[in-house]
Ligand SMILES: NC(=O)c1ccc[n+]([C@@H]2O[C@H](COP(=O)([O-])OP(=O)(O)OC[C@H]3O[C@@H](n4cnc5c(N)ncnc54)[C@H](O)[C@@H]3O)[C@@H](O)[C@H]2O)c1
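In the form predicted alone, a lone chain appears below as structure tokens.
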């Protein structure tokens, strides 16, 4: 989609962390003819100053809290909200009531009541509230939607969909990081998998009628800690050379003057920018070591305060009878999603892998030996091109153009309710949940 406008749309950013600054903020830097960030609210002074400098934000439009920014006279076209999960509701309601359209990071809220309140208020005010369900905009899932709804598979009978969270991503985000503790963030099935639940209902174009779920935290716990493992990886850990979770190696950090034989320098892991961005002030291996000595990311994965699951499975039945199993786990060799869809006419197998692995489908028509391979050219932005696609779609909506995938906050509510129902089932012995009653 090409947006032609002589006057770029003006946005405010609330939350200048990795998603806010490095995804949506960077879009503004790369497409200045389309969008301009004119204000930022961010409590961390370093992040706030960095974003303001990059976007030439006026001093009066740089605030530590969203309250101050939204209390000003309306000066922008919309607000992008990328605070932590537990902090979505109040700024979103305030922005909607101040007359702004809102692009909101997922999950929209951490309780069913709050999600419904956001959707209801946006509809009451006639404002756009779009949730960052970025996978809808990735070429892989766009193609999936096209194939399933072309009829080539016949009637879809069953789906097996997996979100394979790599061991290193699990350790970074859900054991050491911001999403490790349910009380401080959200259930992992919501925080990580509302993307997938949205994709499944979108592709099938029908709702889920009932589901059941099982899962637990099995590995990342004190009971699996090596003998004498310290609380922090930087505290002379005896198993540093053999532990794949050894933080200095994952974050390419080592102390000043470290010998070539130091465990942190025997790295096998290619760094990921989003992980290093979490270590604010850690621009060098030596400074990253110093950050790991005090930050959450330097802790032993077996001595953290994490309580979210590291594996969970959901069994679902769609309203017209098709069944689906969805598995999420944090023990994968690589990051990505895999799926298999069996229909009455053909089977579709897909691999949505992260670079450098290819993304592709194989189509297996029944009654033949023919196999058709469909290779996908992933976009350059994150989530297989979805990050750039969602903000383009949001901006198009501000220009009065219809959404590419017709996604709305009301549509996003469905995936969130499935996540809440799954967590209810998991914590109540796998009880089958009637979605009509649960969501009603």
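Residue numbers count along the first chain shown, from 1. Quick caveat: nothing in here was measured; it's all calculated off a predicted structure.
The same protein also exists as the form predicted in complex with the named molecule; that form is not shown, yet it is the one meant from here on.
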Check your understanding: Applying a 4.5 Å heavy atom distance criterion, does residue 425 contact the named molecule in the predicted complex?
Key -> no
Review point. Applying a 4.5 Å heavy atom distance criterion, does residue 199 contact the named molecule in the predicted complex?
Key: no
Check your understanding: So in the predicted complex, does residue 43 come within 4.5 Å of the named molecule, heavy atom to heavy atom?
Key -> yes
Practice item. Please run the contact check for residue 16 against the named molecule in the predicted complex: heavy atoms, 4.5 angstroms, yes or no? Key: yes
Point to revise | Stretch from 312-320, 201-209, 130-138, 342-350 whose residues place a heavy atom within 4.5 Å of the named molecule in the predicted complex | key: 130-138
Review point. Which of 87, 231, 221, 72 has a heavy atom within 4.5 Å of the named molecule in the predicted complex?
Key: 87
Study note, to complete from the structure: the named molecule in the predicted complex has a heavy atom of only one listed residue within 4.5 Å, and of 144, 275, 82, 240 that residue is 82
**Study point:** Heavy atom contacts to the named molecule in the predicted complex at 4.5 Å, residues of 99-138 in sequence order
**Key:** 105, 106, 107, 132, 134
